[in-house]
Ligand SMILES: Nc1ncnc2c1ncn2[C@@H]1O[C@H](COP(=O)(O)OP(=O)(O)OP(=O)(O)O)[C@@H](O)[C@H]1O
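The form predicted alone is given below as one chain in structure tokens.
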Amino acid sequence: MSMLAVESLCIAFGGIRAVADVGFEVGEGELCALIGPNGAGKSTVLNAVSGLVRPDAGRVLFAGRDLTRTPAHRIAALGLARTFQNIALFDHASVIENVLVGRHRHRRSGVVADLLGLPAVKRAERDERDRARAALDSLGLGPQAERMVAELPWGLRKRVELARALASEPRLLLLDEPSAGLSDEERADMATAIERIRATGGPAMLLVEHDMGMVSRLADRAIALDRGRVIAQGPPQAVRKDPAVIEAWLGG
């Protein structure tokens, strides 16, 4: 069974068709990349998968479950996490406090227990903090745990957002242009961080990315979009040589 199946997805905004009959699958443990020029529909597909946009037609299946009409917060609770092209962190909180937000779906204590500070709540809080720190350590961010996010350079902030998503222990991780705005060195660090996640048996991933070097390094398969339609899919090296992809995006 696929971890993610997108079937005949169609999405329009104000009469303009952004996504037209898009279909693909992501297998368990697989990393697939959505590529294509600006306006191809990549982020719209990602938003539909995560419940931020409701499709006009088609279905989104997560581990066999139809999520097409499921609200975003319920999808997250089922084990889907994502990062954003524009970082969504709390600047005036510490790195580890930001990552702890990713543990929210695993909290089991109620308001009364939290207010009373019961021993079980204290134990759960220590466990949550240990798991958040483990997510940071796995991406080489342990030394940054107590720093304020506002103090960090852009590349480290991008990795903190990735750690927060990873801390939720997702079954499927959506990555929206993780290399956007990064220097060459920061891109290499981000690619290494994603490779670390995969090496430890991490979740299936759907990656939206413009950097074809990163796509070729990381992805098992690439799905190329143009004007809201799939124009090619397969191994990254084959897709980037596809004539339709070259015409649409890679400039001949």
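Throughout, we count residues from 1 along the sequence that is shown. None of the values given here were measured: they were computed from a predicted structure.
FYI, the form predicted together with this ligand isn't displayed, but the following is about it.
Peer 1: May I ask you to check whether T44 falls inside a 4.5 Å heavy atom distance of this ligand in the model of the complex?
Peer 2: Yes - in the model of the complex, heavy atoms of T44 and this ligand come within 4.5 Å of each other.
Peer 1: Using the partner position in the model of the complex, report whether H210 sits within 4.5 Å of this ligand, counting heavy atoms only.
Peer 2: Yes, contact at 4.5 Å.
Peer 1: Verify the contact flag for E161: yes if a non-hydrogen atom of it lies within 4.5 Å of a non-hydrogen atom of this ligand in the model of the complex, no if not.
Peer 2: Result no; E161 lies far from this ligand in the model of the complex.
Peer 1: Is A40 close enough to this ligand in the model of the complex to count, meaning some heavy atom within 4.5 Å?
Peer 2: Heavy-atom contact with this ligand at 4.5 Å: present for A40.
Peer 1: Picking from 179-187, 193-201, 212-220, 30-38, which part of the chain touches this ligand in the model of the complex when contact means heavy atoms within 4.5 Å?
Peer 2: In the other structure, the partner sits against 30-38.
Peer 1: Out of 6-26, which residues reach within 4.5 Å of this ligand in the model of the complex, heavy atoms considered?
Peer 2: F13, I16, A18, in sequence order.
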